[in-house]
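The form predicted on its own is given below as one chain in C-alpha cells.
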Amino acid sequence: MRACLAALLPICASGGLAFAQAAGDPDAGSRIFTKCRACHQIGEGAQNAVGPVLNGIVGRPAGTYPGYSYSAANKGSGITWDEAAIRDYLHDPKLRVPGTKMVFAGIRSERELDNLLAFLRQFDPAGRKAP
C-alpha cells in the first residue's frame, strides 16, 4: 500500500497531469508533422503560410492566430483547440468544420494523433519548446 502511495505522490503533486501528458511520443510526432509542414510552421521564427502558425495551438480559440486569413467557418466555429477538438478535427477537417479552407485527408490512426499531439503541445505561443 505504501509503495502504491509513493508511486502516486509525484502524479498528485503535478496536479494529475502526468496521465494526460504521458500519451504520445513527441519525436514520433515530429515525423508525423511532416504531413502538416506543407502548410503549417511551428517553432521559433514560424510564420503563417498556407495555414496558420501552430505555436501554442493547444488551448487557443479557433481562427485567432494574428495575421492569418481564416475562413468564416473556422472563425465562427466556436472551437477552442483542446486536445479532443484537435483530434476530432484532424480525423476529418471538412466534416468537423464544414467550409474550412483546410484541404487535408485526415489522420485516422489514434497512435499517430497521440504522437502528433505530444509534438504540438511542446511549443508555447512564442514557439519556444518546453524543456
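We number the residues from 1 along the sequence you see. Everything numeric in this text was worked out from a predicted model, so none of it was measured.
What comes next is about the form predicted in complex with a small molecule, which does not appear here.
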{"item": "All of S30, Q41 and A46 with a heavy atom within 4.5 Å of the small molecule in the predicted bound form", "value": "no"}
{"item": "I107 within 4.5 Å of the small molecule in the predicted bound form, heavy atoms", "value": "yes"}
{"item": "Any non-hydrogen atom of H91 within 4.5 angstroms of the small molecule in the predicted bound form", "value": "no"}
{"item": "is_contact(V103, the small molecule) in the predicted bound form, heavy atom dist at most 4.5 Å", "value": "yes"}
